[in-house]
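In structure tokens, one chain follows: the form predicted on its own.
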């Protein structure tokens, strides 16, 4: 059989081991992983010169903007950033303008993404206004429902506990997770008012308002609401040591709960925000060194399930404000996540197999991105080629994202994605986007 593509002379990262072998692709799927002598003839053959082939990263927390926020990012620029960074599937958050919270709004985003995306895109929804619409949204393809305890985004107020229980219960019946932005609304608003009355508008004031205590209170609240329904809750961007203690305790009690951490919460602390100001402003904010170490401990101990970028692009002028209360929170992460974590692998803080499990295999399992996130015969051919030893400097001015700033700007990293394949097609080669819009699939 003549196949479309064969990769030779590679080190291939299988689910539980790394092998020196080759890989054959046909019709967008992996058809063979074996020694070169056993690979089929191909229309195209690439010698990878001993570089690593890893499953494409599945980033479960991405804000692709577009529509009324297209000045910040759109599906094309955001998925080009993903391809550049070695991310082959992104899951798009619903807090857009308009909010993704209905069958029609989800369908509209899917249509826009289908025409413009370089990598695969899956979607979350906020809770709709009508409970009955949840089923239609899931049947269209939503991978879960995102809920913000800090403010109302979608059809349910964080203060309406009875409705929350009903909507959480419906998510359980539909067998999809509820993703939690964990901040206690009453605590947050009270603290912000106090700080503003005292004339505080610095980054430290933001950290005091968006505190670890607020995060912990909201996680406990989410667990309480979930009791009895069996709904799977997923805690987004965990940032504090006390938060992972609560999550660990819940897991031991059998609560169906998972969580994620970002590279910036693993690698940066509050002192970085003090140095860089609003560029490093994110929500939840960067925490103490003790929190950062607690996150690493939880990551290695299996309490934290996945690593996600929380890619949150903004126009630069939205960051450069006089008051922290006016500054946009977040920064781009799709192009920095993989090299930052490869650097940790090179430094011996994380094994390569653990990194692949946290960034490819577990996201595919938790959010049911079937037949992706793993290099196995029959799976979709989403994979990246990594030069493990290449050192280079992060330069945000060269980002494909519209947001050309980063708290990691100028950082030397070790390990570079040199090729990205999506559905068997080369979409990024040595830093250059070579794929066409529409290469990525809408994951339903």
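The structure displayed is predicted, hence computed values, not measured ones. Residue numbers count along the first chain shown, from 1.
Separately, the form predicted together with a small molecule exists; it is not shown, and the next lines address it.
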Problem set entry | is_contact(residue 283, the small molecule) in the predicted bound form, heavy atom dist at most 4.5 Å | yes
Problem set entry | Interface membership of residue 330, the small molecule in the predicted bound form, 4.5 Å heavy atom rule | yes
Exercise. Taking 4.5 angstroms as the cut-off for heavy atoms, does residue 77 touch the small molecule in the predicted bound form?
Worked result: no
For this session: Answer for residue 278 alone: is it within 4.5 Å of the small molecule in the predicted bound form, judged on heavy atom distances?
Result: no
Exercise. Taking 149, 217 and 287 as the candidate spot, are all three within 4.5 angstroms of the small molecule in the predicted bound form by heavy atoms?
Worked result: no
Exercise. Can you pick the stretch from 137 to 145, 346 to 354, 80 to 88, 322 to 330 whose heavy atoms fall within 4.5 Å of the small molecule in the predicted bound form?
Worked result: 322 to 330
For this session: Sort through 258, 105, 364, 95 and report the residue having a heavy atom within 4.5 Å of the small molecule in the predicted bound form.
Result: 95
For this session: Work out which of 188, 312, 195, 172 lies within 4.5 Å of the small molecule in the predicted bound form, going by heavy atoms.
Result: 312
